[in-house]
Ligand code: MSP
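What follows is one chain in C-alpha cells, specifically the form predicted on its own.
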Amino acid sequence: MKQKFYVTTPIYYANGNPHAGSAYTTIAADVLVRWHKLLGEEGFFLTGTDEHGLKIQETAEKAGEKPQKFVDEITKNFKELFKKLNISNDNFIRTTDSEHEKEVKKVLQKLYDKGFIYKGDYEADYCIGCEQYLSKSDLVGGKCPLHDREPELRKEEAYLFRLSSFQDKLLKLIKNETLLILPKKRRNEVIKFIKAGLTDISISRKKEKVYWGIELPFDKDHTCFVWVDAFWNYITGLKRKNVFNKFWPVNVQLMAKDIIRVHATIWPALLLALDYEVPKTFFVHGYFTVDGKKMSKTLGNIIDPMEWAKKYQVDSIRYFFMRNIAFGQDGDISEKALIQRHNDELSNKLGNLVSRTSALAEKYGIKKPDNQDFEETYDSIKLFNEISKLIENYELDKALNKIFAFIDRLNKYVQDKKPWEMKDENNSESQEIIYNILQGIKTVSILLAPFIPETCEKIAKHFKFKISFEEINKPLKNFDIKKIEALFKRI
C-alpha cells in the first residue's frame, strides 16, 4: 500500500485580503505535498478560509455589506491568489459551507451530550483583533502585543468547554512527541504555557451580540465561538471528499507562531474528547519584516502577493519565499531581495546552465559515455536522499541551498571541460561531456519540481523525461535536443 501524507495550512481569516504570510505558508504546504507525491505517496493538501465571528461581522457592517457577501469576495481573492501561485490543494474549505456547518453542529451536540460543554459565565480580557481571551501574562503594558490595543474585560453568559480537564493528557502527548511540535523552541513554550494551568474556555457568544456564526444545536440564543467551528475544518475538509479514513491523522499542520497555543491545546483537546487521534506534527514558522522593518499599513510596506504575482514569474516568488528565510524562523523579505535571487540564482545559475547546455547539445550532439567522469563526484541517488532528509526535517531553505550548490558544480564542470574547444574529429568527447551535464540537469529538475514546478515541467518536456523519483537515475533517451527558450529573463 502507498504511504499517505496529509498537510494543512491554517484556514485564513476572511476579514481581509491575503498577505505575504498566507502566501508563504501555503507555498510551503504545497512544496511538502508535491515532494511526497514525487516519492510516490498519496497526498492530500487542505487550505481554506475561516468565515465566521465578531471581527468579520463588524468589518462587513462597517463596509455596508452583509457578512456572507463580504466573505464571498474575500474568499474569491484567496482562491485567485492560490491559483496564480500554482498551489495544488486538493480541497479549499470554507467554514460557511453548509456541509461544514452541519458537521460542526453534530460535534457541538456530541460534546454537550458527553458533558464536555456546560453553561456558565465567562470573565476575562478579550481582544477583538485576536478573537480570543487573553491571560494577564499575554499582555505587554496592559495591551495585546499583536494589535497594540487594550483588551476588553468581558463577563457574559456562555457555554464553556472543559479544557482544564485535558491538561495532563496534553502535556503527556506533547512531551512524548505523540504530538510533535517543531521547532523545539515552540514545543518548550507550549509546555510552559500548559504547565501554568489551562482554564475552561468559552465556545459560544450570545446571538444578540454575534449573529454571524453557527447556531448552537442545544441553545438557539447562542452562536458557536471560533474554536470548534474553525478547527473542525481539518476533519470536514477530508470528509467532504470522502477520504477521512484514508488520510487521518494529519501528518503536519503548518501555522505561524501567534496561533500555536490554541492549536496545541484546544484543538487536540476537542479531538480527545471525541475519541479521534491527534495530529502527528505541528510546524510553526516565524514572522516577516520588510527591509528590516515590521510590516504595517502606517509604514506603507505591506507586501501584496497578488501584485508580486502580476509582476514576476510565479516560480521566482515560490523560490524566493522558500529560499530567503530559514523555515521556522523569523526573516526579512523585500522586492529588492526577490529580484536579486531571481537574477543571481534562477536566471544566472539555473537558467544559463539549461540554456547553454541545450545550445551545445543542438550544435555538437549527445553521446552516452562508456565511462562517466562526472559520476566520480556525483551520485544522483545520494543527492536525492540528502535533499529528502532535509525536507523531512522541514529545512526547506537548506534543501534549496544544497540543490543550488550542485548547480554550481555543474556550471563549473561545463567551464572546466569546455566542450566547445574539443578537437576530436566526430565531437565524441564533447558529446559525452554534454550528456553528463544533461543528466545533472535532469536530477536538478526532479529535485526542484516541488519548489518551482512550472519551470521544471518546461525542462522535462523539452528534454523528454518525466518528473518522478524513478527517473532520477535512468539514462536520457532523447538525443535530439534543440536550444530551449530562456527560462528566467533578467529583471
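All residue numbers refer to positions in the sequence shown, first residue = 1. Keep in mind that this is a model prediction, so the values were computed, not measured.
Beyond what is shown, the protein has a form predicted together with this ligand; the following relates to that form.
message = Only one of 237 to 245, 205 to 213, 357 to 365, 253 to 261 has heavy atoms within 4.5 Å of this ligand in the predicted complex; I'd like to know which.
response = Within 4.5 Å of the partner lies stretch 253 to 261.
request  = Heavy atom within 4.5 Å of this ligand in the predicted complex: which of 222, 285, 318, 100 fits that? Just give me the one.
outcome  = Result of the distance check: 285.
ask   = If you check 271, 390, 295, 338 against this ligand in the predicted complex, which one has a heavy atom within 4.5 Å?
value = Comparing distances to this ligand in the predicted complex, the residue within 4.5 Å is 295.
message = Contact with this ligand in the predicted complex for residue 384, defined as at least one heavy atom pair within 4.5 Å: yes or no?
response = Heavy-atom contact with this ligand at 4.5 Å: absent for residue 384.
ask   = At the 4.5 Å heavy atom threshold, is residue 230 in contact with this ligand in the predicted complex?
value = Answer yes; at least one heavy atom of residue 230 falls within 4.5 Å of this ligand in the predicted complex.
ask   = Is the gap between residue 469 and this ligand in the predicted complex 4.5 Å or less for some heavy atom pair?
value = Answer no; every heavy atom of residue 469 is more than 4.5 Å from this ligand in the predicted complex.
ask   = Could you tell me if residue 50 has a non-hydrogen atom within 4.5 Å of this ligand in the predicted complex?
value = Residue-level check for residue 50: yes, a contact with this ligand.
ask   = Quick one: which residues from 4 to 20 get a non-hydrogen atom within 4.5 Å of this ligand in the predicted complex?
value = Contacts from 4 to 20: 10, 11, 12, 13, 19.
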